[in-house]
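Okay, so here's just one chain, in structure tokens, the form predicted on its own.
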Amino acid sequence: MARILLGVSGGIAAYKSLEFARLAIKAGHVVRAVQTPDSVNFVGKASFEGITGAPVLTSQFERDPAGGAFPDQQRPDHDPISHLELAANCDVYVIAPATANTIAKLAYGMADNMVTALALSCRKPIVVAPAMNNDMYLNAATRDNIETLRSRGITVLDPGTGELASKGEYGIGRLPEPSDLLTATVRAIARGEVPFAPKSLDGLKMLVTAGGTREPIDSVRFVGNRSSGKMGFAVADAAAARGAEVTVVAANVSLARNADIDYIDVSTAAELESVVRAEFVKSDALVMAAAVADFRPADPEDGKIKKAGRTGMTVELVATSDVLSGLQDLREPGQVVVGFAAEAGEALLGEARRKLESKGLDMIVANDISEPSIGFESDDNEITLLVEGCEPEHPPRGTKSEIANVIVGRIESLVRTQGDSARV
């Protein structure tokens, strides 16, 4: 259960914020809402008060009948300053919708209404959900303001594309759907991002591989695997949230991308190896989460192989390069290297230990792919962490985002133990 503070600014998408509050409360959270004066032209205070069961404030000078308390808290025996008390009591501050005007004020540190004043005083994770006309969102001033907020550690969500408020208008600028907004809010709480504060991985350059390579048989067919890239992308997101400068080498991944991360797309094992070798020398840590093909067709056809006249086809496979082992000649003192071992059944830990030692890794993440609910393409995972000289660690099963935070936390510890030899 979390205490969610909801800031509503003056846009037509404010009606979606009502549904967001309803879904959050249904999920077990408690919500308090504050509004800009303009927002009440779209949704009145009574609507939010009815859903949240708590008073709604529109001014810093307005007395709060609840004294800054959330519905699950006792009212204090005095009248505290509302924009300080609400910020102190919440677990996350969500501004949705965030208009272009509100985003500009946040970027410049203005505090001329309750919503913006709370943003300045809040030391908890802040999630900003833009919603506006397509042209206003794409304006250079708005884009610069959004990047300013992101650089300060504020989570700014990407708006959706579709029909907009004005009749006949279509483009980017739609507020994320309430369920997606709630998911992003819960993730921000789990990450524990605090805006404007120094982050634990500030200055670290991390390289992450994700997805699965595809080795062509001909111009249409390929030998591949079922890796979706979800685990690698989650690790990258978790590292970026802690301040790391992250580059992702994405092998055939179709997932949404984080604006704070650089992505390099590849297809084959050879392409991945080439990019990783080039980027590794600039990195302080490498997380090899991609499923790289062990074999590739020896002689792929340039065109499409025709079925006509054939009763079968034999494809000769040859081994691909071992990317991790091949990096040993480039590795410098202080670089942290983490591998993944996807194995099935009882051989998992033995094979993971062998890879840890033979490839000279600092840590390996082992997961059992024989369990469908935590295998490729699933949203959950269950892992065992192996570090040289330590007992295996088995964190609780969780979503891939939750597991990614555990992995990045261990990487942070490994970076610290490198001491003076680390390059950060």
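We number the residues from 1 along the sequence you see. None of these values were measured; they are calculated from a predicted model.
One more form of this protein exists, namely the form predicted together with a small molecule; it is left out here, but the text below deals with it.
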**Request:** Determine whether any heavy atom of T102 comes within 4.5 Å of a heavy atom of the small molecule in the predicted complex, and answer yes or no.
**Result:** yes
**Message:** Taking the small molecule as it sits in the predicted complex, is M136 in contact with it (heavy atom to heavy atom, 4.5 Å or less)?
**Reply:** yes
**Request:** Answer yes if any heavy atom of S227 is within 4.5 Å of a heavy atom of the small molecule in the predicted complex; otherwise answer no.
**Result:** no
**Message:** How about V248 - does it come within 4.5 Å of the small molecule in the predicted complex, if we only consider non-hydrogen atoms?
**Reply:** no
**Prompt:** Every residue in V208, A270 and S283 with a non-hydrogen atom within 4.5 Å of the small molecule in the predicted complex?
**Reply:** no
**Request:** State the residue from V406, L414, I12, L18 whose non-hydrogen atoms include one within 4.5 Å of the small molecule in the predicted complex.
**Result:** I12
**Item:** Sole residue of V94, M132, A244, A290 within 4.5 Å of the small molecule in the predicted complex, by heavy atom
**Value:** M132
**Prompt:** Quick one: which of 384-392, 37-45, 52-60, 359-367 gets within 4.5 Å of the small molecule in the predicted complex, going by heavy atoms?
**Reply:** 37-45
